[in-house]
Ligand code: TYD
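In structure tokens, one chain follows: the form predicted on its own.
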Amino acid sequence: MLVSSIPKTDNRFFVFEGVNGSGKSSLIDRLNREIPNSIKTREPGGTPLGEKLRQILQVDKEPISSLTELFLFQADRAHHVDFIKTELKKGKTVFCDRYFYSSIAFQGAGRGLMDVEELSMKAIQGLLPACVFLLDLDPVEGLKRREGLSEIDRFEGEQLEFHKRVRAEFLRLAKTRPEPFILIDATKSREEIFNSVYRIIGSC
């Protein structure tokens, strides 16, 4: 559900999605520095177990099947959700770099797997974010931004059509999922993007 602002909420869980190279991680880093009592986390990762799974999923070169990939992401997610819930109970604001929307986009639309959304619902155990910030960017530009970086994951080696399907699915989710989505033009300057997101988070 695309919206322009978020109503006041006690849910301080915010998710950031987008194609590779859209600027999610740098934005989250700055929000975490600027907003008191906040933490940043990511999928895969976010916990010691999650970081081990991240190494398998995004760094290691050993081939794995699409179905294996999907179930490893969901295992990471189910474990990660327990961590997020604990931090929210402490009164923390949680910024998460990717959530189950990425599985629907990458493993569902990208890999062509079925029933990804249904499986994801089991993994998240009812935990939905207050808002999803979707940093939208042409995947051609996103991949260019990633060139030369030391941490290149297995998805960035996929054909351009794969990344186009991922982007299209993110945009579909933004229109059809019931939780609020804020669409951010990721071609804008980092300062513009930060100020916009900071203002929205501060108002809710």
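Everything quoted here is computed from the prediction, not taken from an experiment. Heads up: residue numbers just count along the shown sequence, starting at 1.
The form predicted in complex with the ligand exists for this protein as well; it is not shown, and the discussion that follows is about that form.
How about Glu87: is it within 4.5 Å of the ligand in the model of the complex, going by heavy atoms?
No, Glu87 sits far enough from the ligand in the model of the complex that none of its heavy atoms falls within 4.5 Å.
Partner contact for Arg167 in the model of the complex: the ligand, 4.5 angstroms, heavy atom:
No, Arg167 sits far enough from the ligand in the model of the complex that none of its heavy atoms falls within 4.5 Å.
Phe95 near the ligand in the model of the complex, any heavy atom under 4.5 Å?
Output for Phe95 is no: heavy atoms all beyond 4.5 Å of the ligand.
Quick one: does Arg146 come within 4.5 Å of the ligand in the model of the complex, counting heavy atoms only?
Contact check for Arg146: yes, within 4.5 Å of the ligand in the model of the complex.
Using a 4.5 Å heavy atom cut-off, which of 60-68, 23-31, 131-139, 171-179 contacts the ligand in the model of the complex?
Only one stretch passes the 4.5 Å heavy-atom test: 23-31.
Within 4.5 Å of the ligand in the model of the complex: residues from 96-124 (heavy atom criterion)
If the 4.5 Å heavy-atom criterion is applied to the ligand in the model of the complex, 96-124 yields Asp97, Arg98, Tyr99, Ser102, Ser103, Phe106, Gln107.
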